[in-house]
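This document starts with one chain, in the form predicted on its own, laid out as structure tokens.
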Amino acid sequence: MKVIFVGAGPGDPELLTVKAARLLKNCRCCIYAGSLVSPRVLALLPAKAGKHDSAALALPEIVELYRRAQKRNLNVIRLHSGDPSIYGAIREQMNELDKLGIGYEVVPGVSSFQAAAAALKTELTAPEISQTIILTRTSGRTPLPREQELDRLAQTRATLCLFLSAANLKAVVRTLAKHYGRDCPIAVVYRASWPDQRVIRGTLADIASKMAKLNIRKTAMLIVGRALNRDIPVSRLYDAAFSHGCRKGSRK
């Protein structure tokens, strides 16, 4: 018996990995984050599979489900939204599984920040503009370490992908405008890859007013940075004059 932590991806079942889809279709017991995992992904589970929504469960209750499955020698699919390694709370579950002597593995998934970038039809990196992507969130009931507060990260002027932060949009704008400038692009992607996906583009100067009437406070990704502009320096990768290991550049 083992537990398999599976990334459910951002929502679109076609964005599941081949391995994740195979595991779901052959699953006999699944514990899933019902508030986040798309019903279209859950539809891949066999009708007879045991299904347990973890949205209302505390850790001891989840561990008890693992214990019951262990007694039945039944593999468990632990289905997490996006990729399990990002805000997935899998470490604490693994610690409990170690105590029970239950093995586990992880199947990665497409993260919401990647699905959001796809929805925006953009790169998150840009030559001479941003070569760094920071995945973070704003402080809330889960505080950030002081050195990782948004005001400090903003000093890098990297591309910021903010999880779990839509409800704090006004504070985000105030903090980032000091470092990125009020004309810096920002996008809010609500439920990336779901049928009701919504994309709101703006700048740090006007995004709050654009969002004011939409009542989007969760399941949204905020992406900030000048890499979102289309008018940026061209990469050297395909410059005819640029030589690299696979091509000798032409001389002008």
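When you see a residue number, it is the position in the sequence shown, counting from 1. On a predicted model such as this, the values are computed, not experimentally measured, just so you know.
Just so you know, the form predicted in complex with S-adenosyl-L-homocysteine (SAH) exists too; it's not on screen, but the next bit is about it.
Of the residues 227, 30, 221, 41, just one reaches S-adenosyl-L-homocysteine (SAH) in the model of the complex with a heavy atom at 4.5 Å or closer; this is 221. Residues placing heavy atoms within 4.5 Å of S-adenosyl-L-homocysteine (SAH) in the model of the complex fall in a single listed stretch, namely 76 to 84, out of 76 to 84, 152 to 160, 99 to 107, 172 to 180. Within this chain, residue 52 is remote from the site of S-adenosyl-L-homocysteine (SAH) in the model of the complex, having no heavy atom within 4.5 Å. Taking the partner from the other structure, S-adenosyl-L-homocysteine (SAH) in the model of the complex has a heavy atom within 4.5 Å of a heavy atom of residue 164. Using a 4.5 angstroms limit between non-hydrogen atoms, residue 186 is distant from S-adenosyl-L-homocysteine (SAH) in the model of the complex. Interface membership of residue 36, defined by any non-hydrogen atom within 4.5 Å of S-adenosyl-L-homocysteine (SAH) in the model of the complex, is confirmed. For the partner-free chain shown, 191, 192, 194 of 191 to 211 come within 4.5 angstroms of S-adenosyl-L-homocysteine (SAH) in the model of the complex, judged by any non-hydrogen atom.
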